[in-house]
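Just one chain is shown here, as structure tokens, and it is the form predicted on its own.
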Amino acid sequence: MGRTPRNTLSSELIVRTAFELMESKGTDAFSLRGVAAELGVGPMALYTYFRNKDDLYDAVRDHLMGLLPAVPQDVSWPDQVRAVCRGLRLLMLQHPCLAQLLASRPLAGHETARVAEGLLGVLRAAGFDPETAARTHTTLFTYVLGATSWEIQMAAERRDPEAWRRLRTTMESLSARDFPTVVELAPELSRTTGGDEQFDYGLDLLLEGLRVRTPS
């Protein structure tokens, strides 16, 4: 990108540029200096809009979380929970940097609070007491984040021939004497590294346990 024209730098432009860099290089390689270079401005120009890198991280995360649709209102509470969880997973699969941002700063940002408000509201409307609603929200959030982060990493390894070769070599080297069950179930385990079916399987287990606690 060439030098940004005078008086056209804005927080929106900085966030969009930061997001594009995170998408292409990942959050680990992200820096304010890199954003400034992409915009063709000095690094100090960014501090007019953001106090530090964490501030910009939060702004990018809020931008992405703002893309989540609202909780559907015309379905049962389990289907509302499914919609929220599936929507968050899909957004992370589309934008893997979001998984990294949520893992590093999970409680920051207004949009994260908006999503929490929607899910907590569903649980309270279903009749769950405050503690159960809070614990359920945290359990569901960490399930979605953990399962989707695992799925993203496994997909990256499948795209990397060398990483995939190392994984296959490791699995094939396992002794049936030392790891009889792992070796026996290797074909089944290979089908659980991601995908809609595996995600919904775990989500359904959580929802089945939650139904037991549903107020009569």
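These figures come from a predicted structure and were not determined experimentally. Counting begins at 1, following the sequence as shown.
As for the form predicted together with a further copy of the same chain, it is not shown, yet the points below apply to it.
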Quiz item: Which of Leu145, Ala83, Ala126, Leu91 has a heavy atom within 4.5 Å of a further copy of the same chain in the predicted bound form?
Solution: Leu145
Quiz item: Could you tell me if Phe141 has a non-hydrogen atom within 4.5 Å of a further copy of the same chain in the predicted bound form?
Solution: yes
Quiz item: With a 4.5 Å heavy atom cut-off, would you call Ser173 a contact of a further copy of the same chain in the predicted bound form?
Solution: yes
Quiz item: Using 4.5 Å between non-hydrogen atoms, is Glu117 touching a further copy of the same chain in the predicted bound form?
Solution: yes
Practice problem: Would you please decide whether Thr192 lies within 4.5 angstroms of a further copy of the same chain in the predicted bound form, comparing each non-hydrogen atom pair? | Solution: yes
Exercise. Flag this candidate site as yes only if Asp74, Asp79 and Pro215 all have a heavy atom within 4.5 Å of a further copy of the same chain in the predicted bound form; otherwise mark no.
Key: no
Quiz item: What residues, if any, in 120-154 have a non-hydrogen atom within 4.5 angstroms of a further copy of the same chain in the predicted bound form?
Solution: Leu120, Gly121, Arg124, Pro130, Glu131, Thr132, Ala133, Ala134, Arg135, Thr136, His137, Thr138, Thr139, Phe141, Thr142, Tyr143, Leu145, Gly146, Ala147, Trp150, Gln153, Met154
